[in-house]
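The data below hold one chain only, encoded as structure tokens and taken in the form predicted on its own.
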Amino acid sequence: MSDSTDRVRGADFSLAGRVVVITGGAGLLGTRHAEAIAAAGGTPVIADRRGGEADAVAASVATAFGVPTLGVATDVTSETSVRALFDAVMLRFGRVDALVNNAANNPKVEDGASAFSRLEDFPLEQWTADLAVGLTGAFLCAKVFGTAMAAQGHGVIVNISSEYGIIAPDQRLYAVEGMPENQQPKKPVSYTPVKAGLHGLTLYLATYWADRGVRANTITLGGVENGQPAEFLARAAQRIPMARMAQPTDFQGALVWLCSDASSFVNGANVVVDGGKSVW
């Protein structure tokens, strides 16, 4: 058998038998992440503060893909809640192979909402809440699940970031014609620090447990089409070389790759999936 055949066989994208915890798993992207894991044969655990919706997504994915699933009500800002999630996963499956830190606040300003979004008016409590969910939550989940994966000698952590973690928001996208400048909506100031911080966390984790078989990587997502006004979609498309916003399924291949053995030597990477926007 040729060496080249051996290398091809080494590109193993299967997640069969692997348990993958997805925070924010009942949201738009979390659901698509779960479907991608299940389609590759994995067992997705849907962790979301909305327990009923987590259960519903888990049931739907189990029916559609014929794999075991679990939904767990989880507040990622609470270490007690995250440890309860870990206990539930171990009780049900006895193992955990990957963690996808997907939970985040993402205030919508595409519809012209501006009451809180401008830096001058941005409430401290909103800043604190956004960092608690998007960054502290990822830290707590990495702490609990990463420790367990290091103890077992293998595991993967994937932090889900955004293009606004590597480039500044183009605030012109959110402009409302005829609105006074001091009232124009803005992408909130908390969003970029959270998303940039997630890759910083990746870099730290990539070195921390590398000798224990735990890899950590980031997926940086481009903006996702999700019912925004047509004018907003057109403006956004003009700023993307592929001339469209992402679909929720456009990130699935990257996630499966990073969770699988096909990326076994990928560690500390930032995989940018944005249609080329950040290269302009």
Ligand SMILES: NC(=O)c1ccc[n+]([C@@H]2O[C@H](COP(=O)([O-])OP(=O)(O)OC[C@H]3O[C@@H](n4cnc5c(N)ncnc54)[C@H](O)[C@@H]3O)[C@@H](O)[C@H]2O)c1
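Don't overthink the numbering: it's just position in the shown sequence, from 1. This is a predicted model, so every value here is computed, not measured.
Beyond what is shown, the protein has a form predicted in complex with the ligand; the following relates to that form.
Participant: Any idea which of 233-241, 37-45, 214-222, 58-66 reaches within 4.5 Å of the ligand in the predicted complex, heavy atoms considered?
Facilitator: Among the candidates, contact is made by 214-222.
Participant: Do all of R49, N105 and K108 end up near the ligand in the predicted complex, with near meaning a heavy atom within 4.5 Å?
Facilitator: Answer is yes for this spot.
Participant: Residue-level question: is T77 within 4.5 Å of the ligand in the predicted complex, judged on heavy atoms?
Facilitator: Close contact exists here: in the predicted complex, T77 approaches the ligand to within 4.5 Å, heavy atoms only.
Participant: Verify the contact flag for L255: yes if a non-hydrogen atom of it lies within 4.5 Å of a non-hydrogen atom of the ligand in the predicted complex, no if not.
Facilitator: Taking the distances in the predicted complex, the answer for L255 is no, it never comes within 4.5 Å of the ligand.
Participant: How about I160 - does it come within 4.5 Å of the ligand in the predicted complex, if we only consider non-hydrogen atoms?
Facilitator: Yes, contact at 4.5 Å.
Participant: Would V133 show up as a contact with the ligand in the predicted complex if we use heavy atoms at 4.5 Å?
Facilitator: Yes, V133 is a contact residue.
Participant: Just give me the single entry in W209, F139, Y191, F86 that has a non-hydrogen atom within 4.5 angstroms of the ligand in the predicted complex.
Facilitator: It is Y191.
Participant: Taking only heavy atoms into account, state which residues of 15-39 are within 4.5 Å of the ligand in the predicted complex, ordered by sequence.
Facilitator: Residues within 4.5 Å: G24, A26, G27, L28, L29, G30.
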